[in-house]
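Just one chain is shown here, as structure tokens, and it is the form predicted on its own.
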Amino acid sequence: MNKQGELFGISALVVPVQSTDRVARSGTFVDNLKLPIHRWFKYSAGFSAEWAEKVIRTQQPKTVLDPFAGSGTTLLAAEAAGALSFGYESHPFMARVASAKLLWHIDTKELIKASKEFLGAVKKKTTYDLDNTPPLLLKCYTVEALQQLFLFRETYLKLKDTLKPEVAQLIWLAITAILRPCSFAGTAQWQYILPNKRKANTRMPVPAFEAKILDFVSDMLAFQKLDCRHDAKILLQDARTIPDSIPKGSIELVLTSPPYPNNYDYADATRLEMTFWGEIQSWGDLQGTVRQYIIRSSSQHATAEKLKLEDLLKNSAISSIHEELSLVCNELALVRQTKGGKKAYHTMIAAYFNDLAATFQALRSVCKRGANLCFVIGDSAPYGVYVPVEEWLGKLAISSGFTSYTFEKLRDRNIKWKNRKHRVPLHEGRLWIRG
């Protein structure tokens, strides 16, 4: 790595952008944790940025769309590959994260200067009143760390209107990205916060922030050397609806990984960060602030909406899979009565395919004839009842006006039975759809 100036008295290092020649795992986000820009915020849902860039370079589309943009993996890959790209993200917090990451092209000197001034303002005050602090935060931080983090928040809110908007967004992201490293609470595999599980190592906010800005600067310099495009657009947009800002029939490649129907609660994955910024006060607030806007892939969502199976199965948009879907959902309705939690998997699965049917209809409007779509997706087996996800999504795509689909399996899942709730083998792969 090459030294490139100094920041906060610490040498800044330029991280070289890794080659896209090696085979990347398209069904995992793990590779991204070492890649410039992509590593700025850990968001478990997603896929390999290297693989995405390779697909775009191979197919050479003029326009790329990710209808489930998450933290911006596809958009950054498209910029590196030279394609105009758009992303929808209906999770408001994640849309803001992705927007900040797309600012890698701004002047690093401005970010360094503003960051120094920001830290100087933070250090002028040493204590913060923790009265009325949400219980989750009190469970996740030492008093000293939490006081410092609240001073970060207070200072940011006072200064943000005096900064250039792009610089303010990056400082916001830097603060957001250090919340987990500064907490002693553990994090589950899919980013759920675990207050009762303690980590061995934590960081204090000031050095953590300095280190994060160093990461930002070195990654920005690395990307800027490549002279990539920097015109990707993230839209706070529901994938189930047709956007006004994308011309009909203009998208040549869709590259995405939609939510899987496996009961992962995307809203809960950012609960710590949203609580810190005052966007929610408790777990119960997630339904109104996030879940109502996203694909219904968790039983919490289905329960909160009090969905009725018979109403969901009436939708004509799912007619191509109606019989198979009805059998599975009705079986789940019976099986759940024998389980302690009685989770609403029956209505969750029905709602999920209703939502993906609407997504394919919306995509048909913005995609060119002959466009290619790739969905990185996995199947599901709630309560041990198998759901052939890629097959049903392929049928929904055909019924929405696309011409064909094929599935390329990448890996097996749920094959190590220890501590598993069911023993149905699952898989993950790429669903390729031709427009």
Ligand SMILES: C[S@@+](CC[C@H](N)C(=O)[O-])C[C@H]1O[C@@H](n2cnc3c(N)ncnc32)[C@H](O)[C@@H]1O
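This one's a predicted model, so the numbers in the text were calculated from it and none came from an experiment. From 1 onward, residues are counted along the sequence shown.
In what follows, reference is made to the form predicted together with the ligand, a form of this protein that is not presented.
To test your reading of this chain, name the stretch in 276 to 284, 87 to 95, 127 to 135, 217 to 225 whose heavy atoms come within 4.5 Å of the ligand in the predicted bound form.
Heavy-atom contact with the partner occurs in 87 to 95.
Does residue 40 reach the ligand in the predicted bound form, with heavy atoms at most 4.5 Å apart?
So residue 40 does not count as contacting the ligand.
Verify the contact flag for residue 372: yes if a non-hydrogen atom of it lies within 4.5 Å of a non-hydrogen atom of the ligand in the predicted bound form, no if not.
The answer is no: residue 372 has no heavy atom within 4.5 Å of the ligand.
Answer with yes or no whether residue 240 is in contact with the ligand in the predicted bound form, where contact means some heavy atom within 4.5 Å.
Taking the distances in the predicted bound form, the answer for residue 240 is yes, it comes within 4.5 Å of the ligand.
Does the 4.5 Å heavy atom contact test between residue 51 and the ligand in the predicted bound form come out positive?
No, no contact at 4.5 Å.
Taking 4.5 Å between heavy atoms as the contact cutoff, choose which of 298, 347, 183, 257 touches the ligand in the predicted bound form.
Of the listed residues, the single hit is 257.
Looking at 294, 81, 317, 163 here, can you tell me which has any non-hydrogen atom within 4.5 angstroms of the ligand in the predicted bound form?
After the contact test, the surviving option is 294.
Let me know which residues along 49 to 80 have a heavy atom within 4.5 Å of the ligand in the predicted bound form, or say none if there are none.
Heavy-atom contacts within 4.5 Å come from 66, 67, 68, 69, 70, 71, 72, 73.
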